[in-house]
Ligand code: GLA
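Next up: a single chain in structure tokens, the form predicted alone.
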Amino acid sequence: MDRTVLLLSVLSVLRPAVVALDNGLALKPTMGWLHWERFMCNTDCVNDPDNCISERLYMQMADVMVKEGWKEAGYEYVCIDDCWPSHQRDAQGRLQADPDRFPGGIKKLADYVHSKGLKLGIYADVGVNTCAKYPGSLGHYETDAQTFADWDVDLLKFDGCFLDWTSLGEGYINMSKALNKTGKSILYSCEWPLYEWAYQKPNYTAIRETCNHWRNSEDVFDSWNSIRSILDWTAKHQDIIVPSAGPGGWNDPDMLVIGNFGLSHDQQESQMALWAIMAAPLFMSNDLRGICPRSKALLQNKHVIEINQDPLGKQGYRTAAMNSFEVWERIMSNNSLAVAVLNLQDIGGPRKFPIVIIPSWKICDPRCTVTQILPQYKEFGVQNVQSDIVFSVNPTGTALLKITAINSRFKPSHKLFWKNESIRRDQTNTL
């Protein structure tokens, strides 16, 4: 790699991995379905019964997840977001579901979801109110944790609205302790760093000790600009956030919006590929009851999911940026790499990318096997460092590759980053 890249050691990556929340959960990135981006806070079940936030919606999604292969592909959580509760707590101070939209209550819904072999997630907030101004958990952490345990809920998404940022850490830690105190294993999804970044760099050691995954950046929208902004934020802060990720705790770049309205299919492939590289929780927010076959096939692509779920549990990161291309790489088990080559241009036609430009290509000295996962599956067989493979990448699209070393003399290290400026000008001019 002496001709293409200068390896730069990053001190923040050299420090030992911090201890994860010890509840035995999220040893691999969590997979499931979450209502928010697609269905938002639609509570009008009179005029829009098929799309309102109700027990019917989650039961239907659970049915589809079993019948249409989602559960088999690895998606196991059916998650409720904001706008499910009544506006008032009950006489004992407990949260209660809106009686018109959830006539059976959350326990009945959990039982139904469990009967399908799936798990149920629910939403609450660390502050006095949720973001949609339903009752928050401030002052009720132990009561709410026990309520969720009594309902047999499997995951809690805990938002960060309506609380002074200086109290965020204390609130998230207290709810984590309250959940553990119940004796039931409840996966804990936090938004702690999202609400703290505006004021200071969050303490990721404390966050990983408290949560199973955590949101860092803005909410995802159904648009390519939104996906790009999340990727840009992640790359800008990767030296801070990547070391915190691993089995038991993950950086969460927010929901998959594949199968909705705002992304072209190339852009959908880019989101799926980069979320796999980032070892991100895969929470779809779409309508599984009518998803297009091409989007369904992408979301259920077993080769992409295998990258996301790689047992080594190392988050990937951006290793090069040049000539409107980005390269993201993830070190995996069995001496393998996953590589995503993203074409940032949104004008013109497909553009060529020589495989030898990939920063870790030296892993192919003396030999390696190369498999293209996206946009189409193709096995290139045994290659070496002199290989002349050139990939064609569509505008805003991504080529996703898996490269496996054969007796390589070069061992990629998670403790090494590649400095973007290190790509030589004479190399980038060949693109």
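What you are looking at is a predicted structure, and each value in this text was computed from that prediction instead of being measured. We number the residues from 1 along the sequence you see.
Form predicted together with the ligand: not shown, discussed below.
- Only one of D159, E269, D154, E329 lies close to the ligand in the predicted complex, with a heavy atom inside 4.5 Å, and it is D159.
- Exactly one listed residue, out of Y195, W224, F325, W233, brings a non-hydrogen atom to within 4.5 Å of the ligand in the predicted complex: Y195.
- Note that among 197-205, 330-338, 80-88, 106-114, the stretch whose heavy atoms approach the ligand to within 4.5 Å in the predicted complex is 80-88.
- In the predicted complex, none of the heavy atoms of A321 sits within 4.5 Å of a heavy atom of the ligand.
- Under a 4.5 angstroms non-hydrogen atom cutoff, the ligand in the predicted complex lacks F353 among its neighbouring residues.
- The ligand is not drawn, but in the predicted complex it has a heavy atom within 4.5 Å of E191.
- When the ligand is considered in the predicted complex, L344 lies well away from it, no heavy atom lying within 4.5 Å.
- In the predicted complex, the ligand lies within 4.5 angstroms of at least one heavy atom of each of the following residues of 196-230: R215, D219, in sequence order.
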